[in-house]
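Single chain ahead, by itself, as structure tokens, in the form predicted alone.
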Amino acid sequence: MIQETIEKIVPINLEFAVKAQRRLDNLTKPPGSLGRLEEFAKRLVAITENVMPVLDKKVIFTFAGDHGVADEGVSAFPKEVTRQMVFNFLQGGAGINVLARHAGAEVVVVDIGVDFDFTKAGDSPDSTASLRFARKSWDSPLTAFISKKVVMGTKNMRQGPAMARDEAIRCIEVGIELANEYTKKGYKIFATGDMGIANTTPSSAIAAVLTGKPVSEVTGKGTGIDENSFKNKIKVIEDSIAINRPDSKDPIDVLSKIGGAEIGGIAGLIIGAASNRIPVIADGFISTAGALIAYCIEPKTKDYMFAAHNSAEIGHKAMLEKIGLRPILDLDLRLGEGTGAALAILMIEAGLKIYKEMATFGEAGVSKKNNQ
């Protein structure tokens, strides 16, 4: 499936970019005066091959998965928080729900690797809410839950591969399948998000291997661990890379040995989006680890990606530079979930509204500058 999908990815049509630029330059403003808002509109036209794109259906996929490496003390929170936050998403109480509502986007929570059986959640004494109550949100047009479980959490990558290769491939395929499904449903723009306690650890490991940077230069404090835990986190990542010896020329090998299920799902969603000519927004640090996997599998995926923001996580910039993406926002965000992507949707839509709704010089009866 992966090979068949990447064969469908083509470079964006620059003729449409030229058409968009011609209209942008004829709007009642000095050329380029609305900066990156103009860039967003032009990219949308080129990606969709539609001179008047529509973004009426927007969806943020929040992939959830647990990580065995959490046992190494790399996070300030226990892994039970992953499933508890999934319930919070379904009840509409998380940051992503608030910002997605603000952006007019739907949230799809994807259980791709949580170490918990949500079908039995109503009988679980430690769940923050019963499945019956959570289902009230499932019927909402703004929140949905999809079970695409590949693993019950990854294994501890300090002791061996996080996943088998076929599990990593399946995670990517899940993302591709979702992209295909939601394209057929008429969604016009995708965004990625994540939930998984300890997932900054595999993301830092991926960043180190695929950018060639030392682990210490791409590893941050994640959920806010103390200095001793931070030093331990760096050592855990270094040990994991040394033990597993991931092949930097084989991104699927990297994903399977030191990655995570949600990171693979994000990579697949981006690959699937590109094959369907759908623009896709990568959220922050963890989402960009998935984007980097997608880019290393097929570099043409870059043409279809928007980078939502510059995360406060130290390794994020290195990954964005490797892909060649410039973030839209810089707000010191480090929550994940897709929150930065929800805000970026608003900026992208603003650019599109300028492009579509602003009057041209001729329509407004305004004189253009001399020599034009």
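Here the structure is a predicted model, which means the values were calculated and not measured. Numbers for residues come from their place in the sequence shown, where the first is 1.
Only in words, not in the display: the form predicted together with another copy of the chain, which the text now covers.
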> For this chain shown on its own, do Met1, Ile234 and Pro299 all sit within 4.5 Å of another copy of the chain in the predicted complex, going by heavy atoms?
Replying inline: no
>> If the cut-off is 4.5 angstroms on heavy atoms, which of these, Ala41, Ile328, Ile60, Met305, is the one near another copy of the chain in the predicted complex?
In response: Ile328
> Quick one: of Ile314, Leu320, Leu55, Leu333, which gets a non-hydrogen atom within 4.5 angstroms of another copy of the chain in the predicted complex?
Replying inline: Leu333
> Of the listed stretches (185 to 193, 98 to 106, 209 to 217, 277 to 285), which one has a non-hydrogen atom within 4.5 Å of another copy of the chain in the predicted complex?
Replying inline: 98 to 106
> With the partner left out of view, is Ser33 within 4.5 angstroms of another copy of the chain in the predicted complex by any non-hydrogen atom?
Replying inline: yes
> Does at least one non-hydrogen atom of Phe16 fall within 4.5 angstroms of another copy of the chain in the predicted complex?
Replying inline: no
> Contact between Lys8 and another copy of the chain in the predicted complex at 4.5 Å, heavy atoms?
Replying inline: no
> Does at least one non-hydrogen atom of Thr143 fall within 4.5 angstroms of another copy of the chain in the predicted complex?
Replying inline: no
>> At 4.5 Å, heavy atom to heavy atom, what parts of 80 to 106 sit next to another copy of the chain in the predicted complex? List them in sequence order, or say none.
In response: Glu80, Val81, Gln84, Met85, Asn88, Gln91, Gly93, Ala94, Gly95, Val98, Leu99, Arg101, His102
